[in-house]
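Okay, so here's just one chain, in structure tokens, the form predicted alone.
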């Protein structure tokens, strides 16, 4: 599978000269399978340029896997060009709620006064699915979700293809009320998804000094990301969901802290950035960069 990062900022888009190296768009990944299927992880503002690229390429089927419905993970959906092309099959997956269906909750955003076009008037063929708590086949991959610790119904995703595994946990607070190093693995939020993953993209919104002021907000600090990844025996860690108040220099300072904690293989910890590419295949894992612009 080939992964492209189109947005990795958390909470709020933060464009500007201070964020140019790592990007200001909110969460959105494009995972291209060997079968040609596109799995789009979250619909943050990075979804807008991704949609231009997919529309220009004539892609006629996409699967959008939403972790939750906070606006920083949903705002790009209304600006996703394939959504407005008749005949395109758009499958939207997201966390189930005991109160409303996924389509009804998304329709709150895709309707006036928040948005000028109603969901019912979207011309593409949109199908909604609750998150796959049991593994499902999409193209050449298997996809599985699990509920994780964050405000409101929230899930993470694990995608497996050809023996390689990618795990996406962009909003996650596994340490809530516990010390991860002493906490049983099978009682740790997200562990079942992340266990033995080749690549883990994980919430790293706060520095260790910032986290005590944000306990219970649903996000992680560097210490917790590294401890969680070590507990789950993850191969590579990508720090994700960057705080909108952190500039590029702040992020690089957090990376230094994270690598100092991952003493066995510090080079296996990276910062997510717009344009980053990740290839997972029989040869292993390869990271690269490309211009994530249409």
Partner chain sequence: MRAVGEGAGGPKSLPLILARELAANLATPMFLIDAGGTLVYYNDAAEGLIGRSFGEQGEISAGQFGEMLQLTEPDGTPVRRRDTPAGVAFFQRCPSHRVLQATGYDGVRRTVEVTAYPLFGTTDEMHGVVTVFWETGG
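Positions refer to the first chain, counted from 1. Predicted model only: the values in this text are computed from it and were never measured.
Omitted here: the form predicted together with its partner chain. The next part is about that form.
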* **4.5 angstroms heavy atom contact with its partner chain in the predicted bound form for residue 214** => no
* Does any heavy atom of residue 114 come within 4.5 Å of a heavy atom of its partner chain in the predicted bound form? -> no
* Is residue 87 a contact residue for its partner chain in the predicted bound form, using a 4.5 Å heavy atom cut-off? -> no
* Asked: At the 4.5 Å heavy atom threshold, is residue 189 in contact with its partner chain in the predicted bound form?
  -> yes
* Counting only non-hydrogen atoms, which stretch in 68-76, 147-155, 119-127, 218-226 is within 4.5 Å of its partner chain in the predicted bound form? -> 147-155
* To do: Have a look at 135, 181, 107, 96 for me and say which one sits with a heavy atom within 4.5 Å of its partner chain in the predicted bound form.
  => 96
* Asked: What residues, if any, in 159-179 have a non-hydrogen atom within 4.5 angstroms of its partner chain in the predicted bound form?
  -> 176, 177, 178
